[in-house]
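Considered here are two forms of the same protein chain, supplied as structure tokens in two stand-alone entries, structure 1 and structure 2.
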Structure 1
Amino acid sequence: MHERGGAIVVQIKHGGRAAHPAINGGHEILAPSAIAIQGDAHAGAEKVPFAIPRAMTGDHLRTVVAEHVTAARRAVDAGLDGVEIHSANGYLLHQFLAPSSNHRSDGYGGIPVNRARFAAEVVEAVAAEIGGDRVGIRISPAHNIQDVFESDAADVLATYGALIDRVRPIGLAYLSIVHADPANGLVQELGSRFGGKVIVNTGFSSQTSREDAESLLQLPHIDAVVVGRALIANPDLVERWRVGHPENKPRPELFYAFNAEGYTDCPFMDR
């Protein structure tokens, strides 16, 4: 990657209540509050009901911050260019941000600025360890995924606005926003308040195509577009898009399993 001028950023994620003892080595499931996701978790080819998580104590909060810092340090020491803090898609930091999954009565729950506090503290600690310019953050405001519901528009703006106001002085590498409509006022407001590089993705509804990406780049405050499934299926996607070569189709039936099939066995184009 580096020889070809690319940059590698690894995402650091704590699953919170979206994890399961069947896939995390039997560890306790932690979350802001003891509220389980309704439904089943993926455990390899099996599906198992989500566990009721333990509401995190102050010690848990400090440990999880330290774990993010350790993971970031390892990533940079291994030669990667930076890390992305996963605060989206219903995982732990998103569970703190949203009122449906965060019923805490301490300084990490309740009003928007409190719900934004834990994600901000993780970002600050990681930036202090490896430098803010090596850290990005991914959010998915009002994405309503994995039982993390954010249905009050004023509350969403207040919560994510508080997060962005707090991390803005760090000078992060980028803010990545998952939102069905990146032209929406919320995304534009958050992007403008952040003031740095903003990356968007519209989520799972339809696969991002080259045309979609190009039209998203016409919107204000948007510097880049995340591409997921097309890149999984096409190891040489950039070259295919450059020359207009047909793409391999992703095989979603193989996603979220434990082997290479559907991930790293996709053919390169004939040259």
Structure 2
Amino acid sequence: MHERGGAIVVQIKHGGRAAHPAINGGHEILAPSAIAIQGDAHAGAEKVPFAIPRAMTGDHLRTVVAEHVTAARRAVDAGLDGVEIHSANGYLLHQFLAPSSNHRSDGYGGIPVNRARFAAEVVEAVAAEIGGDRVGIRISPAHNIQDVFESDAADVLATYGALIDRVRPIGLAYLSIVHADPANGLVQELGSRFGGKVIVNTGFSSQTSREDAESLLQLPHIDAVVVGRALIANPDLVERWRVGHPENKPRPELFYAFNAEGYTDCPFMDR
């Protein structure tokens, strides 16, 4: 990657209540509040009901912050260029942000600025360890996934605005926003308040084509666009898009398989 002028950033996340003892070595499940996700978790070939998590104590909060810092340091020491703090898609930091999953009555729950505090503390601690310019943050306001519901537009803006306002002075590498409509006013507002590089991701519902990406990049508040499925099927996607070469078709039925077929055996384009 480095020889070809690329950068490598690894995403760090804590599953929170989206994890399960059957798949995490039997460890206790932690979350902002003792509220389980409705439905079943994947545990190998089986599905099992999500576990009721333990509401995190102050010691738990400090431990998880330290774990993020340790993971970030290891990533950079291993030669990666930075880390992305995952505060989206229904995982732990997102669970703190949303009133549906955060019923705490201490300084990490209740009003928007309190619900934003834990994610901000993780970002601040990681940035202090490896430098803010090596840290990005991903958020997914109003994405409504894994029982993390954010349906009050005013509350969403207040919560994520509080998070962005707190981390803005750090000088982070970028803000990544998952939203079905990247041209949405909320995305524009958060990007403007961040004041740095903004990456957008339309989520899981549709595949982002080259034409989609080019269109989004015409918007003044967007600096880069996340591409997932096309990149899985095309190891040389950047070059294909650069020269207009046809793409390999993704094979979603093989994305979560346990071998190379359809995942790491996709052909490069003819030279």
Ligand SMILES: Cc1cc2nc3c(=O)[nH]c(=O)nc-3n(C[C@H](O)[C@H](O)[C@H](O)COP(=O)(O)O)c2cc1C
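Numbers follow structure 1, counted from its first residue as 1. Since we're looking at a predicted model, the values are computed, not measured. The term rigid core refers to the maximal set of C-alpha atoms that superpose within 1.5 Å between the two forms.
Kindly point out the structure, among the two, that is the form predicted in complex with the named molecule.
-> Of the two, structure 1 is the form predicted in complex with the named molecule.
Answer yes if the Cα of L217 shifts by 2 angstroms or more between structure 1 and structure 2 on a rigid-core superposition, and no otherwise.
-> No: L217 shifts by under 2 Å between structure 1 and structure 2.
For H245, is the CA shift between structure 1 and structure 2 at least 2 Å following rigid-core superposition?
-> For H245, whose C-alpha is compared between structure 1 and structure 2 after core superposition, the shift is 2 Å or more.
Is the C-alpha displacement of L254 equal to or greater than 2 Å between structure 1 and structure 2 once the rigid core has been superposed?
-> Indeed, L254 is displaced by 2 Å or more.
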